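First comes one chain, alone, set out as structure tokens in the form predicted alone.
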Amino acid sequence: METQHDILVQNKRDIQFKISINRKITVIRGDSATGKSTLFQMVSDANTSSRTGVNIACDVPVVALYETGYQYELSNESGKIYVIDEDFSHLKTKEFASLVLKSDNCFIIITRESLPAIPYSYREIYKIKTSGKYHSLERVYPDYDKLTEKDMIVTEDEDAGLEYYQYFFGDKVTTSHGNSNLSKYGSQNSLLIGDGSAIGAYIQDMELTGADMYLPESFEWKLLNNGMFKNNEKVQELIEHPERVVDTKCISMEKYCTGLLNNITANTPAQYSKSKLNQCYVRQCCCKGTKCEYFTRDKVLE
């Protein structure tokens, strides 16, 4: 199932919610009385009967997910957008997370809590913006796409990812051994580097530290930005529009990018490995003295 969809939810009193989603997981946060429960109730009413006066316009079914029978729904249904209220008691369970990741559906999750068992993008965390009867979504966090040098640089990556940043910044780079630990290293003198597509559960704690942040989609996505792939149409489409390339069957952006990087570099000098950084990604041609199909290398770190 594709992940880009526009949704209009409207009732007979002309209360409207206009929502655009881009990824498999969309999270809506906010205080009480901001319209979150109203959105869920309107979707629920539309699913119940046409007599409720609520209409939903979307290219795929938009339905409320309830606790009763949700395991069957997520295991057997596909091609839907599920809206989940914050009262759903299974939100933080590993069972629910496992079903979501395997499901061929999209999810709009209304919650004020973090969901560490589900990888979701910090770019897809929203609050409801209201103007009279009209409601839309507004992003909570800005883009963290600038790589700046600080006194201390901490990346969630280990092995190849850690080596990559150490090549450019030396010993000031260390690893947090995972995204859940990044906030522990945050300060005004530090830069925190993580996979933006899966950092949603931890972004609030990281921001509170006052640290600078650099959050590309994933480390593998960062490597795919290398100039050696500038003529690969599939790579360029992924870089420009990840939501058009990665569908709901993919567990995470990181896994998709890893698979793509492995496939396009297999049996070439630039073959990718998570365990050790291939020098092709940081050194000028040719560091191996081997004939290679990639002749142009852009080594500028951005």
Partner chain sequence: MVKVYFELEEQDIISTSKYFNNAYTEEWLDDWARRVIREIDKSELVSEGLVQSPVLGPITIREISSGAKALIIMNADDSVISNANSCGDNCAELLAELSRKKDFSIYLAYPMKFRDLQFDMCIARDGAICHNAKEFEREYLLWRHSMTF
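Keep in mind the model is a prediction, meaning the values are calculated, not measured. Residue numbers count along the first chain shown, from 1.
Omitted from view is the form predicted together with the partner chain, to which the following refers.
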To test your reading of this chain, name the stretch in 153-161, 199-207, 168-176, 74-82 whose heavy atoms come within 4.5 Å of the partner chain in the predicted complex. 199-207
Is Ser180 close enough to touch the partner chain in the predicted complex, meaning at least one heavy atom pair within 4.5 Å? yes
May I ask you to check whether Thr148 falls inside a 4.5 Å heavy atom distance of the partner chain in the predicted complex? no
Residue contact check: Lys133 to the partner chain in the predicted complex, 4.5 Å heavy atom: yes
Does Glu233 make contact with the partner chain in the predicted complex, using a 4.5 Å heavy atom cut-off? no
Looking in the predicted complex, is the partner chain within 4.5 Å of a heavy atom from each of Ala33, Ser37 and Arg112? yes
Heavy atom within 4.5 Å of the partner chain in the predicted complex, from candidates Lys102, Lys129, Arg139, Lys184, belongs to Lys184
